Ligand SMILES: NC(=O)c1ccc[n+]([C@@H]2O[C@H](COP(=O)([O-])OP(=O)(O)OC[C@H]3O[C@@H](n4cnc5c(N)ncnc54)[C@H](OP(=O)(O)O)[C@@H]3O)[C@@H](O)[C@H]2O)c1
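One chain comes next, on its own, written as structure tokens: the form predicted alone.
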């Protein structure tokens, strides 16, 4: 399925992006890995062993349109085509809104999570059309429901959901496919460690542990591979989370209670 296919992955230096890179390399994909952290990208590159060509690593800031243009240009220059764009780069937050003392958190999150996605898609779209390729957008269940302490992050994920819903409506049949991945908390990532605190700095290592509902990178990887193979439009991981958006339409008070209880429980642990 992925052998000799060109795959661009943003946020590839750690977490889900790095894990996907290793998995795709094993399947023979030609990889272009993008992140701001060159040292970590090189570490991921060394782990990517497979029958495909050596991964191309590109450093840059996804919030800068020119860096995203350069990323796609390098992918085409190296491999001549683009088959899959995995928009994975993102940053989170953990702070109660009324306690925030640095409002730049919101613009930084939106620039990375939402506008960074828009930038990459803009420059990749013509090449994906030629290959009848696929966009795989890593969103979050927070793109569908509200979550305490994550106002900016949740807003950015809602924006991604709306952007791709509109883009999909603009595309013609047999054009390109868009897969929206909506996972729960992922274990084995630095998303929480790098999340903004109320003062605008990263919260760093936390004693908070992920809830029992969190999923492993391996589980998420396999689900994404299966969804890509089926050219799905949406993937919710784990599947039981599908009920939350529907329940939110029927009885939002119940969803609010469930989410608040779980989040405040984590915040006080």
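In this text, all values refer to a predicted model and were calculated from it rather than measured experimentally. Positions refer to the first chain, counted from 1.
Just so it is clear, the following notes concern the form predicted in complex with the ligand, a form of the same protein that is not shown.
Partner proximity in the predicted complex, defined as non-hydrogen atoms within 4.5 angstroms of the ligand, places exactly one of 124 to 132, 170 to 178, 72 to 80, 86 to 94 at the interface: 86 to 94. Distance criterion of 4.5 Å from any heavy atom to the ligand in the predicted complex singles out 37 from the list 202, 37, 216, 222. Here is the short version: of 105, 145, 115, 191, the single residue with a heavy atom within 4.5 Å of the ligand in the predicted complex is 191. Of the heavy atoms in residue 21, none are within 4.5 Å of the ligand in the predicted complex.
Though the partner is left out of this view, residue 185 does reach within 4.5 Å of the ligand in the predicted complex, counting heavy atoms only. Remark: residue 157 counts among the residues lining the ligand in the predicted complex, judged by a heavy atom distance of 4.5 Å or less.
Looking at residue 25, you'd find every heavy atom of it more than 4.5 angstroms from the ligand in the predicted complex. Within 4.5 angstroms of the ligand in the predicted complex, the stretch 135 to 158 places a non-hydrogen atom from each of 138, 139, 140, 153, 157, taken in sequence order.
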